[in-house]
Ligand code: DC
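Next up: a single chain in structure tokens, the form predicted alone.
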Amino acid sequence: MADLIVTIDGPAASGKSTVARLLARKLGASFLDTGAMYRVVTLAAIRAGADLSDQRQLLDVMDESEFKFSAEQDKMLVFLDGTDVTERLRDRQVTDNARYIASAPKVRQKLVGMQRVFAATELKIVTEGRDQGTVAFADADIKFFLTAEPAERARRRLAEMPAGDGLSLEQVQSDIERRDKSDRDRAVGPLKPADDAIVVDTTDLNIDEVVDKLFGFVKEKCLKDG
């Protein structure tokens, strides 16, 4: 397992992916994008024509597909059956259907195993998701939970969407709040801060301020000897 594991959990659009990527760069660590793992399984299932609500079919797709994840500077490259699909993972169809993967307990269990395998190959990792500090890496060196007001998270999410999506701020906020409820109510790996997580409200902070804040905590707790 990695010598340093930093987990960053939080709800949708709380800034955790961007913060994790930048913090990894600052620490000289590898970035584990767990969202990309869920999305590539979603993409594989869509391509296979699987019933996304059927966990058995999803498990079959995972068994029949080849997934590879590679740390590249401050991002993670994702390969499906030998092809780099990193850029395809933000397609709207994949985004809209990733919830099926997230709500399938046995699929989540396999993905946690894949996350731990990735961590075993790296010296230092920063990993982000919704259950990294509570399930995947419960013994992490330091854990963070990022949050922000729903309206601010909706504004951020809308700003990163292609203009062609045509969604209003109200629609995006409604989607986020629905996702929050689904994540909190999930039977396996529900969204919640780990008991020993440091909770950071990012509503009034920019990305650099959040990264600096987290880096300060890591330096104080984990890097005292340099």
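For clarity, every value in this text was computed on a predicted model and none was experimentally measured. One rule holds for the numbers: they count along the sequence shown, beginning at 1.
Below, we refer to the form predicted in complex with 2'-deoxycytidine-5'-monophosphate, which is not included among the displayed structures.
Partner contact for Ala98 in the predicted complex: 2'-deoxycytidine-5'-monophosphate, 4.5 angstroms, heavy atom: Yes, Ala98 sits close enough to 2'-deoxycytidine-5'-monophosphate in the predicted complex that at least one of its heavy atoms falls within 4.5 Å.
Is Asp175 a contact residue for 2'-deoxycytidine-5'-monophosphate in the predicted complex, using a 4.5 Å heavy atom cut-off? No, no contact at 4.5 Å.
Given that 2'-deoxycytidine-5'-monophosphate is not shown alongside this chain, does Gly35 nevertheless sit within 4.5 Å of it in the predicted complex, heavy atom to heavy atom? Yes, contact at 4.5 Å.
May I ask you to state whether Arg130 is within 4.5 Å of 2'-deoxycytidine-5'-monophosphate in the predicted complex, using heavy atom distances? Flag for Arg130 set to yes.
The chain here is shown without 2'-deoxycytidine-5'-monophosphate. Which stretch in 35-43, 165-173, 62-70, 196-204 comes within 4.5 angstroms of it in the predicted complex, by heavy atom distance? Only one stretch qualifies here: 35-43.
Candidate site Lys26, Leu214 and Lys219: all three near 2'-deoxycytidine-5'-monophosphate in the predicted complex by heavy atom within 4.5 Å: Heavy-atom distance to 2'-deoxycytidine-5'-monophosphate in the predicted complex: none of the three under 4.5 Å.
Exactly one residue in Arg155, Lys106, Arg116, Arg90 has a non-hydrogen atom within 4.5 Å of 2'-deoxycytidine-5'-monophosphate in the predicted complex; which is it? Partner contact (heavy atom, 4.5 Å) among the options: Arg90.
Scan 178-202 and write down, in order along the chain, each residue with a heavy atom lying within 4.5 Å of 2'-deoxycytidine-5'-monophosphate in the predicted complex. The stretch touches the partner through Arg179, Asp183, Arg186.
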